[in-house]
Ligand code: DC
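There is one chain below, alone, in structure tokens, taken in the form predicted on its own.
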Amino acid sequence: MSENKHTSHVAIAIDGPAASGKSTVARRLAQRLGLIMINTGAMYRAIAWTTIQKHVDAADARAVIAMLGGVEITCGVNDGGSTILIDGVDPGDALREDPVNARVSKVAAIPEVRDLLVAKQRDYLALGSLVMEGRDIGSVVFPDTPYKIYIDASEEVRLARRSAEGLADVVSQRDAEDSKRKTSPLIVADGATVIDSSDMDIDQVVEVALDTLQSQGLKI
């Protein structure tokens, strides 16, 4: 399935590893282009957060799947950006805390979790054209979109960015877990243009991304 289901709407896929800057780039692009910004990482983080609230072992796939059967996941849009509620509750800033960081890759590796959330991600396209960031947007969620960017940066730079944000998750471990998982691993999607943000500030990356999208055929 791809964005062809909604011919008047387009999806811009922004993929990349942890702390590459993809979320900020996606948000800026959405603002510049007047599109909806979808943060898929927050969706997986919300499931990880729920395992904490429900005292479920995130590494126990069967337990996580059973948990999902008993919670209501509501995805929406507010002020141009995606939202997610678990049983009507917005986890808010808790999604960025260390306990969630430690669990999110384990949860994201469960095929049933990915199937559930990918379906919800594709449904967003019914609401309008969008910029969607994550780790498998160009490869799995919208493989047919011509608008694909992979934001990267050196591990050293990404570690520094995480530290500056006050987050202590280990970037190299996240990279390994996300790249080696069997279901929807983190890869550079076919047709994606790689942008290395290591030596650029965010404004420069956004401008390069806009130029890239134009070269891919997007009318700006």
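Everything numeric here is computed off the predicted structure, so don't read it as measured data. In this text, residue numbers run from 1 along the sequence as written.
Omitted here: the form predicted in complex with the named molecule. The next part is about that form.
Trainee: Do all of Glu133, Ile137 and Asp178 end up near the named molecule in the model of the complex, with near meaning a heavy atom within 4.5 Å?
Mentor: The answer is yes: all three residues contact the partner (heavy atom, 4.5 Å cut-off).
Trainee: Does the 4.5 Å heavy atom contact test between Arg27 and the named molecule in the model of the complex come out positive?
Mentor: Because no heavy atom of Arg27 falls inside 4.5 Å of the named molecule in the model of the complex, the answer is no.
Trainee: So, Ala108 and the named molecule: in the model of the complex, are they within 4.5 Å at any heavy atom pair?
Mentor: Flag for Ala108 set to yes.
Trainee: Looking at the partner-bound form in the model of the complex, is Arg114 within 4.5 Å of the named molecule by any heavy atom?
Mentor: Heavy-atom contact with the named molecule at 4.5 Å: present for Arg114.
Trainee: Verify the contact flag for Leu125: yes if a non-hydrogen atom of it lies within 4.5 Å of a non-hydrogen atom of the named molecule in the model of the complex, no if not.
Mentor: Residue-level check for Leu125: no, no contact with the named molecule.
Trainee: Tell me which stretch of 188-196, 150-158, 64-72, 37-45 has a heavy atom within 4.5 angstroms of the named molecule in the model of the complex.
Mentor: Of the options given, it is 37-45.
Trainee: Residue by residue through 74-107, tell me which have a non-hydrogen atom within 4.5 angstroms of the named molecule in the model of the complex.
Mentor: Residues within 4.5 Å: Arg96, Val104, Ser105.
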